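Starting off, we have a lone chain in the form predicted on its own, written out as structure tokens.
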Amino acid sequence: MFTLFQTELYKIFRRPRTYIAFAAITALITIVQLGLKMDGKEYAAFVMADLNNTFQIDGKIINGYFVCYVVLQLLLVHVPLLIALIAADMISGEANMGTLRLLLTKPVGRTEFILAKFLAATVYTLLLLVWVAVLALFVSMWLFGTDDMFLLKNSYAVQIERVDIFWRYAGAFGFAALAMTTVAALGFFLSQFAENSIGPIVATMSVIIVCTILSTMSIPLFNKIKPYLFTTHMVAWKEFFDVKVNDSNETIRGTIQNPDKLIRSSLVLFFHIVAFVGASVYVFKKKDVLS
């Protein structure tokens, strides 16, 4: 199976469209960084417009940690599309080229075949997120420097000390990896049902869009199913940047406001990954491969 896994990785990274995702991410992050580098003071003034009369903040609001947070908010909405371009092509692409039957003549079971392909898609997903981390976090730290992190929530503000930030990003990217692997598992599952890549890619994005709408709409009927939708939990990485406060309303270093929510969201996403991959194995073992 390891040899097949290596082969699948080679096939992924020899395709020119694989690098479209890395190029698109590079362009998007560069645009955001350039914009904040040129007009950061104006953006900070806009962010602080309603708070300037309440309290004064010493230090740089626009620093590397803050820029990374802005980038993640913008980018993690679009990364699923880039993941779907590869994950939803893993089986359907082989069927489209007429190589699926040939691959199954090798002395490898169908379960091992599916798992090797999914692991290759997962590695691609993780490498994409590592690239996001390098550009969004480390390059931003180099360009903008570091300082305490100031964030505005819906009804309150959060200030996190500089020494208490980096581990939060490590956790946030780890959680994002789990969320994006869920997207990869969904696209991989849908690739079982088509003989061209367009259908599964469009279907994957359609499912994500519909589920996202259901997750954000406050309607009693939808509220019952929200906890079971993976899109409801994909944004839980933000919980790493919500801290507890003491009686003096000072942030407590090393704390997370709702750790239970993070654990619950992680379990839901992990369940979806297992369900999608398990369903992929089941469907493929029953599938009559004719292409």
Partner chain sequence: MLYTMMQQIIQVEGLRKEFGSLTAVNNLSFSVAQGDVYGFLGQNGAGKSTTIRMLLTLIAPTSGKIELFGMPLSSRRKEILRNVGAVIEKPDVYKYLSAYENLKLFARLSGVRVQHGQLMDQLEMVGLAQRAHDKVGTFSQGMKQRLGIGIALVHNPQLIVLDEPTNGLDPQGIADIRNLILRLSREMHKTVLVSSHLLSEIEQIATKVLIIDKGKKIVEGTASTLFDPAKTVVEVQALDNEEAFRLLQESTWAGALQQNRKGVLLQLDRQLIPQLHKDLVAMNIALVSLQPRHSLEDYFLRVTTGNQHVDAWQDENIVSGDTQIN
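Computed from a predicted structure; not experimentally measured. Numbering follows the first chain given and starts at 1.
One more form of this protein, predicted together with its partner chain, exists but is not displayed; see below.
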Exercise. Its partner chain isn't shown here, but in the model of the complex which of Phe270, Tyr282, Tyr19, Tyr10 has a heavy atom within 4.5 Å of it?
Worked result: Tyr10
Exercise. Just one of Leu81, Leu127, Leu104, Ala133 has a heavy atom within 4.5 Å of its partner chain in the model of the complex. Which one?
Worked result: Leu104
Problem set entry | 4.5 Å heavy atom contact, Val108 to its partner chain in the model of the complex | yes
Exercise. Do Ser206 and its partner chain come within 4.5 Å of each other in the model of the complex, heavy atoms counted?
Worked result: no
Exercise. Counting only non-hydrogen atoms and a 4.5 angstroms cut-off, does Met97 reach its partner chain in the model of the complex?
Worked result: yes
Problem set entry | One stretch from 135 to 143, 174 to 182, 196 to 204, 108 to 116 that, in the model of the complex, holds residues within 4.5 Å of its partner chain by heavy atom | 108 to 116
Exercise. Taking its partner chain in the model of the complex, which residues along 162 to 182 bring a heavy atom to within 4.5 Å of it?
Worked result: none
